[in-house]
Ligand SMILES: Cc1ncc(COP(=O)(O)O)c(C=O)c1O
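The data below hold one chain only, encoded as structure tokens and taken in the form predicted on its own.
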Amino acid sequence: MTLLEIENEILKLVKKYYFLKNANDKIEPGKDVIPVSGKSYNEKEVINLTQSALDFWLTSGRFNKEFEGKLSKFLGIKYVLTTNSGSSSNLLAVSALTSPKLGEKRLLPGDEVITVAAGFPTTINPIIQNNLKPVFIDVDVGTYNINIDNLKSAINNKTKAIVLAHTLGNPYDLEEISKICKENDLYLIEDCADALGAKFNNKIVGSFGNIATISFYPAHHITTGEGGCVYTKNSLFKVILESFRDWGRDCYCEPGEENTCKKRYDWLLGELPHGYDHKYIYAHAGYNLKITDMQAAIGCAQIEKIDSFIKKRKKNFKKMYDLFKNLEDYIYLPEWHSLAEPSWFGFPLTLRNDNPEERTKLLKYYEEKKIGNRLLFGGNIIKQPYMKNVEYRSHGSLKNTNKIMNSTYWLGIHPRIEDDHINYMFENTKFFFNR
């Protein structure tokens, strides 16, 4: 047999294995845990992963080029760089703002960056890790996004950037925030980890700011296992991001390639001797945050399903909303801007009773009934243990953030959630409140 014949035989067996293994893969309400999030895949991801394993190309390769190309086409953004996680993407995005290549526009230690306290830690941590000063603003209950009035009043001559996530796939007011950034000469980083495919005024999120990021962790819209990407329309930012991602090097050759610039031994940079090998010249204090080709192989199959995944999430959200509307005496329903088209990550709910003990009782009840649930990430991040010795500024009241810390949670609406799961979650929630 030829190698190609052997490979085809292997892939046929892989496909057969997938269907045998997953023949009874059904979630039964009450018997099985209804997961709050999770991967959705079929034999195509497993076949791609097997092909990548047979290639045995252990870093970024042909699948990664394909995946970046498909992402670029879907997002309508020219420069897309895959990374080993969404958190790494955020680190790269904020680090890029400190690059000497930006000249007088670079961020320096002590510069202030506006964000929200009701966020995920690794949206906020890169600000701290780059010796910048986070400024925490309150959010609005319902949208769980930044309060625009508080944002405006927080800006001073030390403010240099805004770093915000679209909470649970719900876009914030991108037109107003873009206007604020333009008027005050601020950078905008959009964390789209939860919001792949969401739009604002018919324009995809991530296309408004200077840099945007996505996570491909199994909980998210599509997955590569661990993984993420960072993207931009700006060619200078692309060069900077790529450098920080790839050890900080000045060279931009793909893995396994050499002398792309045709000047490998002709550069004179820093205080190095003329002709020092460009592959070993470093422009930034960078990292190695590349994705592997095996992860990208999964992503190539996942991105083909993104439209159906988003459609199912929207369908599930609508059914949840229509049912839980009957419980408004007890809970605040999610809200969204009139120009926003969310790509929902989860279904957020806030108890009207601002009592963390009541929420704990409900979450324990969900656990008994095998209903997966999550809090809204770190609650009020400044209350977290690791923030004790961090220098930050809190602007205005964080009243709503504290309410979220005490009273908010969310339920799953991912593509594996069906109508019987939604009915089960609603009926048990209704029973809890009625009793």
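Numbers follow the displayed sequence, beginning with 1. Owing to the predicted nature of the structure, the values given are computational and were not obtained by experimental measurement.
This next part talks about the form predicted in complex with this ligand, which is not shown.
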Checking 313, 359, 220, 160 against this ligand in the predicted bound form, the residue with a non-hydrogen atom inside 4.5 angstroms turns out to be 220
Counting any non-hydrogen atom inside 4.5 Å, which residue from 206, 342, 299, 86 sits next to this ligand in the predicted bound form?
86
Is residue 82 part of the interface with this ligand in the predicted bound form - any heavy atom within 4.5 Å?
no
In the predicted bound form, does residue 347 have a heavy atom within 4.5 Å of this ligand?
no
Test of understanding: in the predicted bound form, would residue 194 fall inside 4.5 Å of this ligand by heavy atoms?
yes
Are any of the heavy atoms in residue 165 no more than 4.5 Å from a heavy atom of this ligand in the predicted bound form?
yes
Whether 147, 332 and 334 all lie within 4.5 angstroms of this ligand in the predicted bound form by heavy atom:
no
Residues in which of 137 to 145, 119 to 127, 172 to 180, 272 to 280 have heavy atoms within 4.5 Å of this ligand in the predicted bound form?
119 to 127
For the stretch 125 to 144, return the residues whose heavy atoms include at least one within 4.5 Å of this ligand in the predicted bound form, in the order they occur.
none
